[in-house]
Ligand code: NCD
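Next comes just one chain, in C-alpha cells: the form predicted on its own.
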C-alpha cells in the first residue's frame, strides 16, 4: 500500500456544466486540492466570475479545495488587493497560443504594471510559456521571456507550467524565483504517441509532446526530487467531437496516481515530494489534510468518461486508489 499525504494538482482544467460534473470526481478522489485554470468562455477575470466559478466547483465536490487562478489582464491594485485572499495566482496565456486564449497577452511589457502589483502583494504568476514559432521550438524560444521576467521581478514567484522540453530545466537552479510544474503526459509520452503511427488526436496537447531525449531528461529530473518541481496534471477534458476537430488537451485525471505509482516504484519519498510537499512548501499552501491510499490491485482505466476519452483508456495498472 502507498499512503500519500494531501496530494495537490498544481494545474487542472475542469471546464463548466456537465463536463465539470463528469470529470471532477476523479480529481476529488485523488487530490486534496488543485489549482484551477481560468481559460473559460468568458475567462475568469473578475470578482463575480471568479466567485461563481468557485461556487460551481464546490457545489459538485466535497473534501476538495479549488485554488483559483485569474486570467491575466491589466488589473488595478485595488482589484487585486480585494481578491488576493480568494486566489492562488494569475495565469498568463500568450494571445491565441492554446485553448480559449484569444484574449491573452499580446505584449509582456503591457502587463509589467500588473506584475509589479503581484510582486508587491505576493501573488504568484503561472505561465503558459510558448511563442508562435515552429511548434517543437515554442517552449525553447520562450526561455528568454522567462529569464527577462525573472530578472525584472526578482520577488515575483513564477511557475513555468507543463515543462515539456529539457531546455528549460536549467532555469530552476539559475533563478531563485522560477518554479515548474510537470504533467503526467510530458513525463511518460513523446510525439510518437501522437503521430508515430496512426494519428492520435487524444494525445494532441499544447505544449506538444516532444522527443525521447526531452522525456528522459524530465524523468531524470523528477526522480532526483528537485524541490522546485511540482506535479501539475494539465488534465484538459474535451469531448471526442471536439478532439476530432483538433482541440488541444489530454484528459489524464482518471489515471494520475496509478500511473505515477508505477513510475516512482519504491521511491515513495520522492513521489510524496512531487505530488504534494514541494508545492505546499514552495507556496505556503495550507489546505485540509487528506490521506489518499493506493492499494496493489489491478485496475483498468475507463474507456470513456461522459463524452471524453481519457489518457491510457483501457490500460491496466498495478495500483488503484482505495
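Residue numbers count along the first chain shown, from 1. What you are looking at is a predicted structure, and each value in this text was computed from that prediction instead of being measured.
Note that the form predicted in complex with this ligand isn't included here; everything after this is about it.
Would you check, heavy atoms only and a 4.5 Å threshold, whether residue 278 touches this ligand in the predicted bound form?
So residue 278 does not count as contacting this ligand.
Non-hydrogen atom contact residue 214 with this ligand in the predicted bound form at 4.5 angstroms:
Although this ligand is absent here, residue 214 would stay clear of it in the predicted bound form, with no heavy atoms inside 4.5 Å.
Look up in the predicted bound form whether residue 140 has a non-hydrogen atom within 4.5 angstroms of this ligand, and give yes or no.
No, residue 140 is distant from the partner.
Can you check whether residue 158 is within 4.5 Å of this ligand in the predicted bound form, heavy atom basis?
The answer is no: residue 158 has no heavy atom within 4.5 Å of this ligand.
Give me the residue from 202, 206, 73, 226 that has a heavy atom within 4.5 Å of this ligand in the predicted bound form.
Checking each option against this ligand in the predicted bound form, the one that comes within 4.5 Å is 206.
With this ligand left out of view, which of 99, 131, 177, 239 would have a heavy atom within 4.5 Å of it in the predicted bound form?
Looking at the other structure, the residue within range turns out to be 99.
For the interface check, one of 242-250, 141-149, 109-117, 75-83 should have non-hydrogen atoms within 4.5 Å of this ligand in the predicted bound form; which one?
In short, 242-250.
Enumerate the residues of 159-180 that have a non-hydrogen atom within 4.5 Å of this ligand in the predicted bound form, in sequence order, or give none.
The stretch 159-180, when checked against this ligand in the predicted bound form, contributes only 162 at the 4.5 Å heavy-atom cut-off.
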